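Next up is one chain by itself, shown in structure tokens, the form predicted alone.
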Amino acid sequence: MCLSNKKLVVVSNRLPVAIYQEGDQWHIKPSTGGLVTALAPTITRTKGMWLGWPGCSPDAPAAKLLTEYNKNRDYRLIPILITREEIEKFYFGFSNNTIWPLFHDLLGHFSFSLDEWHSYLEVNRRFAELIADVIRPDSFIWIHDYHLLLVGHLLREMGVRHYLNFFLHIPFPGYDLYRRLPWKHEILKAILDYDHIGFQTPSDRRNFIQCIKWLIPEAVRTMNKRQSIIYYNHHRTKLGYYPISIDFNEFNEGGKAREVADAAWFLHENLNSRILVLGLDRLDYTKGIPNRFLAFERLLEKYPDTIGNISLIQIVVPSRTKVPDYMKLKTDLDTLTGRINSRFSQHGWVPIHYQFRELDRTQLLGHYRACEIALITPLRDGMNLVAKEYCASSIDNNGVLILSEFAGAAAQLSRGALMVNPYDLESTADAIYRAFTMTLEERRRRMKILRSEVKRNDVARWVNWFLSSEFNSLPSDGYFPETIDRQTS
């Protein structure tokens, strides 16, 4: 990878900061997360810029706070402000009530609204206008995720000829699901105006190509193991899959800290259970938390020797709490927890410790270290970095990862993890019991495999992989590649 003569321009729905109010005062602080960790070194080195919504209400003095914030950094954060109506229709509406559930294969959760589609189109247009206004000839543009699927097409309409890169962090659905989308042709053709598209897994890329095959049959497809090319409308789009990861060293070294060890000891000492199982998720119906609770209940029914000896710690991080489906999910979790605990609790022991809150860094690493088992069972997930964080933090090689076969991380971690179908409660309960009774030798053998995989394919490799793949075909002037006439098969 070489960006020595380029300035990286990252575009995402959210800026990597949080703007919040305490009393009468507004504050700004850096955000954490996989994308921020991955891209901060490169964007800093190239003195680039990051465009996105600051995540606050229009009343917040975002421009003033960001101006001050930018003074102490080698790259700039540039805000796009979104109205309250657009937050409801573009963000909570089309992005998270249509695209999110549809792309996660969850029938019954998505809905279609023409008004929300128009808002999605308008906000994507404003993103494109801001990009067109701030980029320079040496800008290297990398747009991220499902909120901004149309931005590349709108930039082309504005005459922008830069090479456009896009990465989809969530899954891409199969044809039978995708074709339910009323604007399926418009979105698919818009995506093909990007020059380089990255997916998380081979199946996501395969699903995209199948949608092209059936919905845009005139497009010419050439495929190989790692990358494919789509030729459409005198334009070439390269498709690849690049599984995102974490900073292994950050979690590995963090797990060794004294305060983390103390937090892990305190957690284990106070929960009075021989084996702790960790569930850690945002509040989201894609995470399969109710299924997880029911599988844990089945474990207690089927294997009486687990009663009093194993507890599930379920941390649910608040998210989109104004969305009705998410409010209902929280209510369901409250009800399930109460029912299972009332059924199985004994003096001094509770089967499920359910907490609706965020964890600070020390507590997060303390939970990773304290829990002998991680139960990561999404119904569908683009990658799931919690699984990788757990492995990187397991410095004593004593943890067991139970992982859903529908998580994007399954392709990389299946050799060391116990794989489960989260819809199969019986088999998931059996997997938990297998982890509960697993010998120390097997635990360490499996965790060494997992840690080696995460260390080898860390977040730096993800960035290098995507960008190196890009530069292998980037035209020398950095602009829109030479077009070719569509070939017929």
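For clarity, every value in this text was computed on a predicted model and none was experimentally measured. The first residue of the shown sequence is 1; numbering continues from there.
This protein has a second form, the form predicted in complex with ligand GDG, left out of what is shown; the following refers to that one.
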{"property": "Option from 90-98, 338-346, 107-115, 353-361 whose residues, in the predicted bound form, bring a heavy atom within 4.5 Å of ligand GDG", "result": "353-361"}
{"property": "Of Pro79, Gly399, Gly416, Gly382, the one that lies within 4.5 Å of ligand GDG in the predicted bound form (heavy atoms)", "result": "Gly382"}
{"property": "Candidate from Ala190, Ile212, Leu280, Ile310 lying within 4.5 Å of ligand GDG in the predicted bound form - any heavy atom", "result": "Leu280"}
{"property": "Ligand GDG contact at Lys287 in the predicted bound form, heavy atom, 4.5 Å", "result": "yes"}
{"property": "Exercise: His169 in contact with ligand GDG in the predicted bound form, heavy atom 4.5 Å", "result": "yes"}
{"property": "Partner contact for Leu299 in the predicted bound form: ligand GDG, 4.5 angstroms, heavy atom", "result": "no"}
{"property": "In the predicted bound form, Leu276 touching ligand GDG (heavy atom, 4.5 Å)", "result": "no"}
{"property": "Residues of stretch 307-324 in contact with ligand GDG in the predicted bound form (4.5 Å, non-hydrogen atom)", "result": "Ile315, Val317"}
